[in-house]
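Only one chain is shown below, in structure tokens, and it's the form predicted alone.
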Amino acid sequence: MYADVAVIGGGASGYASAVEIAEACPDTEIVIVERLLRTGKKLTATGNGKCNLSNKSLKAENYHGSVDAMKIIRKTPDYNDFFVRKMDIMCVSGSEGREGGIYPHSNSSATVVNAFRLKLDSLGVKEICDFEVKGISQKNGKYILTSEKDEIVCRKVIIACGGYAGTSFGTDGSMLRILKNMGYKTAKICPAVAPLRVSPDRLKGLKGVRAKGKISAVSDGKVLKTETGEIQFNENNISGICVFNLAYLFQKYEGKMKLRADLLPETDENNLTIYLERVRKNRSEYNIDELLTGIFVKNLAVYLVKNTLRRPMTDKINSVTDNEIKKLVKVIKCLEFEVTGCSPWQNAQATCGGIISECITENLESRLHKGIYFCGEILDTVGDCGGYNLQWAWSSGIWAGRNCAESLKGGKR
């Protein structure tokens, strides 16, 4: 089969790039090549099926990696121009995940996928599903995409097939392996926007507990980044959006990173000490497992007292010493866990690492193979949780598509 442009990957960035090229070059033959039986599968699952399209507050600090995401985002339409005016998707601002999140009014990602399908169909963009690209080669100035059964010959290629995260949605990292064999360099690959693993022994008694607070990534005593939100304790990991936004740091600080939680950030140590001294007086004849009742849920309250004071829970509260109260205050304000790893790829929302910036131009074109463009998660940039990764997908897809279209206008078939 022949096409002017083959977009590898039928996801968010692939959709956006195909729309951009088709509108700019209406007579161009464009195909979206997807390894699954249908396109848009990962997109339908984003935001727990609600599709957090973007965020009202987009800043450089929300993106991490060698590729400057904000430089490209600033050159492309905002959510209102792209989704509302171009894609006819009505949007609303919600507070799911992070304040300022942008969602489809329907609160359903299926709405977004269906709108893209209508748009692509109206523009004449074709889809070829169940086509897993096994190799990319060049012959007579054209690119050849090969699968086990067939091949596609094309002038230009947009690589928009994601990284490793979300393996059940078709993004298994196979394209990154192909690209490495073609000479491309990648940053260290690891899960991002994901839970962080800690020793299960440190989490005994905490499974299922959720607590609002501040949590920091710490290495060699230095605070790397702090997030605020709901901290979720599981059997062998710590989760929650605030933790997701620290996971990318594991790429650099593997083996020397801790999570430090302040479980009562609105209260300083002095006031917390005074509070517990008053509780000791008022509940003097109760067992010490009731010392933190009124502050935390039962499981967390018992965990803190038991693991800090290390004495029978049947001891009376009036037996707790001043030093023990100070020790407990320190733990509440600074509860630490050694990070032992990231969660598996199936639990990650994004990939940290990818094709590094030195392999591409400002137009997202390959420096190694003219006519190949990159967009989305396959590049070395990852955003925080809250619509930032989808915004990168749209913007990078639009930017790659726009520049690919310009090159088509200047070339010959």
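Heads up: residue numbers just count along the shown sequence, starting at 1. For clarity, every value in this text was computed on a predicted model and none was experimentally measured.
Beyond what is shown, the protein has a form predicted together with a small molecule; the following relates to that form.
Stretch-level contact analysis of 112 to 120, 170 to 178, 70 to 78, 279 to 287 against the small molecule in the model of the complex, using heavy atoms and a 4.5 Å limit, identifies 170 to 178. At a distance threshold of 4.5 angstroms between non-hydrogen atoms, residue 45 is in contact with the small molecule in the model of the complex. Residue contact check for residue 132: one or more of its heavy atoms lie within 4.5 Å of the small molecule in the model of the complex. The small molecule is not drawn, but in the model of the complex it has a heavy atom within 4.5 Å of residue 161. Residue 191 falls outside the set of residues with a heavy atom inside 4.5 Å of the small molecule in the model of the complex.
For the residues 36, 31, 359, 58, the 4.5 Å heavy atom test against the small molecule in the model of the complex is passed only by 36.
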